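One chain follows as structure tokens, the form predicted alone.
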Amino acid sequence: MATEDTKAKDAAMALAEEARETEWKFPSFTAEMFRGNFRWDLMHPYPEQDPEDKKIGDELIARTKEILEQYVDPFEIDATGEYPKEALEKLAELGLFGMKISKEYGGMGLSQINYARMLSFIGSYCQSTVTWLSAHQSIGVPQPLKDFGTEEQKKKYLPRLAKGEISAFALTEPDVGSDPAKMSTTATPSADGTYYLLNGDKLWTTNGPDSDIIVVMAKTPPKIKNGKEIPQITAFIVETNWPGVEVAHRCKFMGLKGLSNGMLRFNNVKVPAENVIGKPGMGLKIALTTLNTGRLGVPAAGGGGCKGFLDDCAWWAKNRVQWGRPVGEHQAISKKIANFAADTFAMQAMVFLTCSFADRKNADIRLEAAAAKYFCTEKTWTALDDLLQVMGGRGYETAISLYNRGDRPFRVERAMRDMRVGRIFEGSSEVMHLIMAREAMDTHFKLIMPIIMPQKGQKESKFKLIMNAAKFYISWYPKTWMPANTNFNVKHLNAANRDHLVFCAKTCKRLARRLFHTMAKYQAKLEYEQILLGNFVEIGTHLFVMAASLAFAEHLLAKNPNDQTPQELADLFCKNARQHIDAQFRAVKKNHNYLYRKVAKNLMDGKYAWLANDIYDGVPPKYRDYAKNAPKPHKVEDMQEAPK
């Protein structure tokens, strides 16, 4: 008999599978790579931005710089925790809240490349500013309306949003993070079907406290499929001035002091049925699709932040002298700053490549977007941590303190606080691992899972399923052992970088083979081997970034053969990536993952309580009864009448 935990897990899995894009309509470099195919042709020649489109981006960046310098003081915002409303007004006047909204609805209609360039530029100056803009249009109302909205919805809301009315995306709840099956916010349809009653709390809604129009995900009545009840999540357009919408709490964080973020409460909010985005039950699919492209804003802003530190890094390494030599000449320091430059180059290569895929409209970027978000946020954190270490006390001291005592105002301390959240929001690094792992195994899941875990109502016989799988693997598996095609059309890469391409092609086959072996070994239990899956995702991600970096280097060298610096940056990144990939393969083969589970369980069971002897828990007595200060949950009677 199934336990409640099992039922909950099955419901969550069913909901997640229901929301996934099940077909690959367009090619994906990363998806092909996980199947053992190194599709260099999908990224080489590296796409170059159209000159006219680039001119649009250049002019907009120049105008944005003027506004930032006049109205946005990131040092002051960090010190006061207040974002200037005048700055928001000026950004809106320039049209920056409509960058991703088409001209037809009053927006700028920027290409994904120019949008990423804008976020990268603004991110190099003020992360709070870039968060206001990206939360509004990367994941806020404009993107889901663009992809799933009706013409009536677009005409009603997009012009308002393009002019500067602020939007947000409300998915997370106090007790629900990445498991929407546990969502408690409900939308109950009226008897006549003309409206829904929305009730619940949403937490960590970026822009939420100051938003005008938001997308809210809520549970609607479940549907039955194959005898099982599947929760339904539906997306709604909600205007925050409607009766029953309340800002229950404004959240404060370690960084991004100019952020608007909080807990929103919906108490019997009457939402017209025409404000459903897509169809009832499509909410999670809409959320996942929105995040595919929306996630590109995070790595663009992070990469821009790192690019903004290159000058500080070079200046410090050259001008800070210790033991008679610039600190950058000491090997321990040169390693850190060299990796900083190489990783920044790699981030630029993969983000703009993925953005060009998005602009083409003929590529599936669900894996590439997740990889870009994961890789860039992880590398940004490592790079900033290394930079702080290189700068020592000046890295740890605030910029205003440095300035007030006559020193160069390095911003590393603030950047560490502002950009650490990149590894968490819009899907944590761990969630990115799981998303990518599921997509990486899609081919095998479709063939094998119906055999080892048949579903009720499954149409094909087990024998037919086995024969179909056998037919595929008899052809596919031997190919993973065959030599890879290493005849690459490159003219400018040096021998070292050509060797990296050969490594990528060969390792794709090795990756596909080992992934299949691991799935065959663990079968249905593979879902519990998250560390192993993470190892494979690490391999795939770094292969993708290696290929992107090499394609980018070839592109730059073709334009300017006399400048060999792209060779050096690509070579250094690829050498580091190969070491990392080899380590991940070793970890798949030999590890002690079982011990993590054992020690973690003992910790949860209180068996290590003795470690905490003779300490103080750090919470002053007056804060211990924290529950009394919590925003009181609403109480709603079933089918209560909505406000008129």
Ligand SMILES: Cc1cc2nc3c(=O)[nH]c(=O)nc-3n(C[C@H](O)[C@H](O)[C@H](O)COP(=O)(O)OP(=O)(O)OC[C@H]3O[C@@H](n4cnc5c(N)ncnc54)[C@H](O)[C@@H]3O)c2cc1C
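For every residue, the number given is its place in the sequence shown, counted from 1. These figures come from a predicted structure and were not determined experimentally.
Below, we turn to the form predicted together with the ligand, even though it does not appear here.
**Student:** Is the ligand in the model of the complex close enough to 205, 259 and 421 that every residue in that trio has a heavy atom within 4.5 angstroms of it?
**Tutor:** Spot residues vs the ligand: full contact, yes.
**Student:** Please identify, from 306-314, 534-542, 165-173, 340-348, the stretch that has a heavy atom within 4.5 Å of the ligand in the model of the complex.
**Tutor:** The contacting stretch is 165-173.
**Student:** So which of 488, 195, 75, 425 gets a non-hydrogen atom within 4.5 Å of the ligand in the model of the complex?
**Tutor:** By the 4.5 Å heavy-atom cutoff, the listed residue in contact is 425.
**Student:** Though the ligand is not shown, can you say which of 334, 530, 153, 567 has a heavy atom within 4.5 Å of it in the model of the complex?
**Tutor:** So the residue touching the ligand in the model of the complex, by this definition, is 530.
**Student:** Should residue 130 be classed as touching the ligand in the model of the complex when contacts are defined as heavy atoms within 4.5 Å?
**Tutor:** Answer no; every heavy atom of residue 130 is more than 4.5 Å from the ligand in the model of the complex.
**Student:** Classify residue 177 as contacting or not contacting the ligand in the model of the complex by the rule of any non-hydrogen atom within 4.5 angstroms, answering yes or no.
**Tutor:** Flag for residue 177 set to yes.
**Student:** Can you tell me if residue 434 lies within 4.5 angstroms of the ligand in the model of the complex, counting non-hydrogen atoms only?
**Tutor:** Because a heavy atom of residue 434 falls inside 4.5 Å of the ligand in the model of the complex, the answer is yes.
**Student:** Is the gap between residue 403 and the ligand in the model of the complex 4.5 Å or less for some heavy atom pair?
**Tutor:** Because no heavy atom of residue 403 falls inside 4.5 Å of the ligand in the model of the complex, the answer is no.
**Student:** Select from 232-254 the residues with a non-hydrogen atom within 4.5 Å of the ligand in the model of the complex and write them out in sequence order.
**Tutor:** Going through 232-254 in order - heavy atoms within 4.5 Å of the ligand in the model of the complex - there is one hit, 253.
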